[in-house]
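One chain follows as structure tokens, the form predicted alone.
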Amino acid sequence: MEIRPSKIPAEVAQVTNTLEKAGFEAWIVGGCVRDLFLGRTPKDWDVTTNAAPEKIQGIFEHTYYTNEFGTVGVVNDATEDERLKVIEVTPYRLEGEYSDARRPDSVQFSPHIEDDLKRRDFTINAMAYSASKGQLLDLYGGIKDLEARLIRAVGDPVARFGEDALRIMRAVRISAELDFELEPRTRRAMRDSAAQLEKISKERIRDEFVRIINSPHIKRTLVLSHELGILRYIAPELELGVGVEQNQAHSFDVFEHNLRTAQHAADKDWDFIVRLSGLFHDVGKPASRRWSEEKRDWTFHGHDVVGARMTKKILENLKFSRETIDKASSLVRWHMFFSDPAVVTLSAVRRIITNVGAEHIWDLINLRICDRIGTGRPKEQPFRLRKYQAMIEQALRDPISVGMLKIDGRRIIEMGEGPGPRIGWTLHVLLEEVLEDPAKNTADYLEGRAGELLHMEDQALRTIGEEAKGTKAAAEEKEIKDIHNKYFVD
């Protein structure tokens, strides 16, 4: 393994060269050194030096002082590469006790690079490289562990995890990203220290969890997290599926099925939201499982509704954005859509599009594909799902919401109706008619029909308007539920 000088960007070399010309030491350090040896492109660059923060700021034209740990951001105004816009430069540090298992109680600067490296988490992250000298400083066998594809704590692993419990999650995340194994002593210390994660903020846990979900190895990593007692501090609800047998359509318990579903999304390199919703899509099954004497099998009626509520709670607890929470819980809620084109109607397809939004309908289809693979079935896209996709293509050309009608509230007011709830009732009636027959979505027809509706008394119009919102949806839901029962679909 070696680092070729051409792999170090000019912006990084300029920072280290400038520090050295000013009479200081300068080393590229941490994960970026590891990535260079692995032939990966670093996501960010860190430099460490024996210069104090005020000296660093005095050397460079555009900097900012970022935190109490002495890190100075050196800004490269000329580059368009986001990874190189800011190079973080930090003095060599010695850290005090970690009384809260999150951050050091005190930090002092050191003149020695060796002091800085010994406080780092893993051997593969505790290497420093001098770009000007072509020299590698590897005090803890990082290169050897890279070659062995091992994650090993620097020094005493119990002490390292006691200093910052997030390192436990960082270890499994790096394992997921690099496909590395855990060194046995480090692994035991992770298991023994897992309860320390209780002290870590949900935001920090979420950030590591996101990187695990975006990695190529979701299933293996979450199984490892379960075995080491880590998963309970991320999403304990997933562990409720361990050992929960499913019906004859499934080869795996609920826990493994959820993980296999998310893993297939990773295998296809699909978006984060498909991976996330795949992981939680059947999280409601343990609470919904009932034995059916009639079918002589387990049923899970309503697990999609229960699972959507649970997904929302899990993601809120992890402090995800409202947008992510809404998208994932919506996909979980509607993942049981019925997709047999020989039975389902176009209006039912349009309603599914309305439920998840046109912008997420293909995420829902991809989730369904992952769900099928997660059962152990060999075919990814059976004929009926391909046919359903064609129906979606057709339905996307049709109106699926009030906003897509060829008439709006303003036009109804122009027809003589004053502002008020009668406009909404009228639009809902018109939408239901158009969902049944998209050909009716013309200005002439809708204005004529609106005129008829607006002649009705308030109570009568309100009744059919509210029925238009609810009655047809309920009837279709019952019809689909009957079909599910007929074909033993959960």
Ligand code: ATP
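From a predicted model like this one, the values you see are computed outputs, not experimental measurements. Quick note: we count residues from 1 along the sequence shown, nothing fancier.
Keep in mind that the form predicted in complex with adenosine-5'-triphosphate (ATP) is not shown, yet the notes after this line are about it.
- This chain is displayed without adenosine-5'-triphosphate (ATP), yet in the model of the complex the stretch 27 to 35 from 48 to 56, 436 to 444, 423 to 431, 27 to 35 comes within 4.5 Å of it by heavy atoms.
- Contact with adenosine-5'-triphosphate (ATP) in the model of the complex holds for none of His257, Lys312 and Arg372, as no heavy atom of theirs lies within 4.5 Å.
- Contact with adenosine-5'-triphosphate (ATP) in the model of the complex, judged by any heavy atom within 4.5 Å, is made by just one of Arg351, Arg170, His250, His303: Arg170.
- Residue in contact with adenosine-5'-triphosphate (ATP) in the model of the complex (any heavy atom within 4.5 Å), chosen from Thr221, Thr186, Asn76, Asn125: Asn125.
- Contact check for Lys144: no non-hydrogen atom falls within 4.5 Å of adenosine-5'-triphosphate (ATP) in the model of the complex.
- Of the heavy atoms in Asp164, some are within 4.5 Å of adenosine-5'-triphosphate (ATP) in the model of the complex.
- Not displayed here, adenosine-5'-triphosphate (ATP) is kept clear of Glu237 by more than 4.5 Å at the level of heavy atoms in the model of the complex.
- Interface membership of Asp138, defined by any non-hydrogen atom within 4.5 Å of adenosine-5'-triphosphate (ATP) in the model of the complex, is ruled out.
- Of all the residues from 184 to 210, none has a non-hydrogen atom no more than 4.5 Å from adenosine-5'-triphosphate (ATP) in the model of the complex.
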